[in-house]
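The same protein chain appears twice below, in two forms, each given on its own as structure tokens and labelled structure 1 and structure 2.
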Structure 1
């Protein structure tokens, strides 16, 4: 049975949903981790340039594809580039499903840490079944608590709760998504502002802010800084996942996509800057080292800083609960968009009900998410990730997240720039735009963006040798380092082939 095409109830609802999709775990912790890794102020100028050179133009492309066709990514790309375009769309959806599975697993851990804020997270004496952590901690230790948690089956329960929350929010499409983001997104901003105020009012907190915003000309000259900034921008705006095209497909054709893209991009980056201020103030106050990874920053470093915020236990617990509630809310606004992308694609392609589409996605995906939380200890010495689930997540995240988004972005730019025509898209966007796009837009889409993305992909692959994960001390599990990327590529290619060639009933 054909399902009527949905629409957003208001422009505000769409903006909140799209900005909520862009604002996620990466904005709160990954951006700060990258900024620290690449020298604070040295990261900001390249990142700001990436916003205008890469982020906004590609956001306009993805919004434009959805609004012009009123279709999700696979069928939208088919309109622009035929069957090969649809194939790319389904490959994008398949890769996004991999990301969704482990993203929800991380949200499950965040939910566990949130509940632990009123449990034993901020209490001494915790142990974990890993060699460095078998002695009871003499003071609250978030690292010990985290590894103790992931070595149990408890995260499986948290993962199911997160999936049920996503399905509940998505059950009526744009109607329930809009109702959720109207609550979640303002709460995220409120919590982040509170964290900023607390961070900069601590003694030494302003030093972290100055480090973050002080340009380092020597650092800016490093190619790695520019590579990190361009990669972070693409990931931060949720580009290359099919989410923005799906959300924009519920807009009227006369919507101003230039204005929408600019507004969502600025909201996303503003939230990131606020998060950077909050995180860097804590890092400098407590002389913490984020170790350059998302997981270490969010699950080890920040809770250790929160533990030292006050001598009053209830204040520490309240701030800890608030931070992880912020993480869970930000993660949910992103995960619902990650699930909506394939849901809208299945509804468009096979003309099935929303309930059937969500069931088709959720049942195997819940199993997949639980695989990333398997508590089997394969590395008790923690020379790698410790558990089988975290090892699977680490390797999958590295390959799928780092390469699928950039690859999709490259081919989207090629399709729009060289097959459909960047001039045609510019004309369509300008038709309802208050701020008109010049010919520079065509130049970016046809030449600059494909070249930049191709260079990032090629140089990243060159830097991968030896194969990522091969250095882990995982007796009996070393084969995962090569199996996981191979499985991802083969599975997604077959998935895309089958879905593209599947015959469907005409409307």
Structure 2
């Protein structure tokens, strides 16, 4: 059976899809909490440098691999580096599955909060009925609402809904992806612009913006800030999981990948700074303190801020609803790309139908996503994450987010730089590019990027003791801190071994 490979119907369709992939929870949920955690202005300068040093060049590499081979990541890497390359490709796909599972779980919670805006989430002065976990009396309504929600089984329903939505959008590949992003991507820009205007017109909102954009030179000397900026850059641009290679494999050979990469990075980072402006202005207006996990900013601090807007109750509700709708739309256009990476890899390798590939991925992954929503309370004092599900998510995110993307990036740069040849990639990209890449591009791919990534990975590993999560106050569950990273490594290595050694079906 040899059906011709599908194609994007237009360049616009591709740009919408790739920027929709890049713009997601990473830009709203993770960027703001990283920027806060690493000290506002201390974060944005390393982040900006990371964009030019790592982000854009690596996006050119990933686009280039897809467009040159018309294959998704594992088989593309096989062309460049033989079996070892394919092995790396499948390892990447396995890690992508982990990230997809918890990404969808977070999206499920966002859907739950969106529905909550019809319920008691934005009811002023009302505290949600809160029995499952003990809570400090001063807790704001939104925190209570969120923990109340995740300590029930309801989020599993939301997670299944999000999975079904993903499959629905992916059912005909590029054709249905393009149809969805044509509506979702402009909508999410519109919502974000409304949010920014509201944020900076509040009295005091500008102070938050200044905090974010005033460079802080003292913070720049800390290696952890750089590590944070680099992992965030990879995640935000959807690099290091095979996504961009899969999307670019549906492009014609003569597409201008230099231009595409610049455009997608620019759109992504503009959106990210807008989100930063919106969120930091709210933070400062209401003097909120987003302590705690990555999720706290979007899941309780922002809703608390929205709750304190002095507006008519229905306006507050509408605003809160709009915020979570924005999160869900942005997240959906990203999760489809996360799922498309393994789907296209299975289709390319085994020549199975899209429906079978999607079913093969979705059935185990839905179960995985639901594990991250397990409502058992293991930490009633809320000094860690509260439920078993959120604890699993937090520890998995720590390992997979911080290490897999950068590791994949490192090997991709080595394979393209040293085995395939950075000069060959540069020549291939330049052939169709309006803005030509200079020799510096080869230098970045061969030396700078691998070296920087290696240093970041090694230094973070060294700083890793005691293992992340082992300090939690969760009697009986401390072993998760070592079990989760071990499980991730063993599972992904075996998965990669098995798939690499299966025969590739020829077209």
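Positions refer to the first chain, counted from 1. Treat the numbers as computed from the prediction; the structure is a model and nothing was measured. C-alpha atoms forming the largest set that superposes within 1.5 Å between two forms make up the rigid core.
- Taken from the form predicted on its own, structure 1 is distinct in origin from structure 2.
- After superposition on the rigid core, displacement of the C-alpha of residue 36 between structures 1 and 2 amounts to 2 Å or more.
- Positional change of residue 45 between structures 1 and 2 reaches 2 Å or more at the C-alpha, relative to the superposed core.
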